[in-house]
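The chain below stands alone and is given as C-alpha cells, in the form predicted alone.
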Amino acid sequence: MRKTMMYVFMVMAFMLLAMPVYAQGGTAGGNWGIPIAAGIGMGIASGLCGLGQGRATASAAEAMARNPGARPGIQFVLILGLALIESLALYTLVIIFMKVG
C-alpha cells in the first residue's frame, strides 16, 4: 500500500511538472475551451450544491424527528445553511459570466 501511494505521488508530481509543456497560447481550433470548461464547472458546482442541500435537509429532518422541541433553532440554522450553499452556486455562475462574457 505504501509503495503504491509513492508511485501515485510520483506520477502526480510528474504530471504537474510536465503541465507547462502543454500550455501553448495558440488559437488554431477556435476558442471553445473557456465556454466548455465554464459549463463543466457550473455543472460540477450545481451538482455538489444539490448534494450538500440534500444532506443538510436530511440531517435537519432527522434532528427534528429526534428533538421536536428544538424545531425553531434547527429550522433557522437549516435555512441559513441552505442560503449559504445556494450562494456558492450563484457565485460560480457570476464568475463564469465574468470569465466567458
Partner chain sequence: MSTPEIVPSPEAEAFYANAYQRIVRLMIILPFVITPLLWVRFNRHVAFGFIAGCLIAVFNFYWLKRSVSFLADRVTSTGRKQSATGVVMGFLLRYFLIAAGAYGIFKSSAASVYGLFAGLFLPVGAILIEAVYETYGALRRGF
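Numbering follows the first chain given and starts at 1. Model, not experiment: these values are computed from the prediction.
This protein has a second form, the form predicted in complex with the partner chain, left out of what is shown; the following refers to that one.
- The listed set 61, 34, 40, 48 contains one residue whose heavy atoms approach the partner chain in the model of the complex to within 4.5 Å, identified as 61.
- In the model of the complex, the partner chain sits beyond 4.5 Å of every heavy atom of residue 10.
- When contacts are judged by a 4.5 Å heavy atom cut-off, residue 55 does not count as touching the partner chain in the model of the complex.
- In the model of the complex, residue 6 stays away from the partner chain, with no heavy atom inside 4.5 Å.
- Using a 4.5 Å cut-off on any heavy atom, the residues of 59-76 that reach the partner chain in the model of the complex are, in sequence order, 61, 64, 65, 68, 71, 75, 76.
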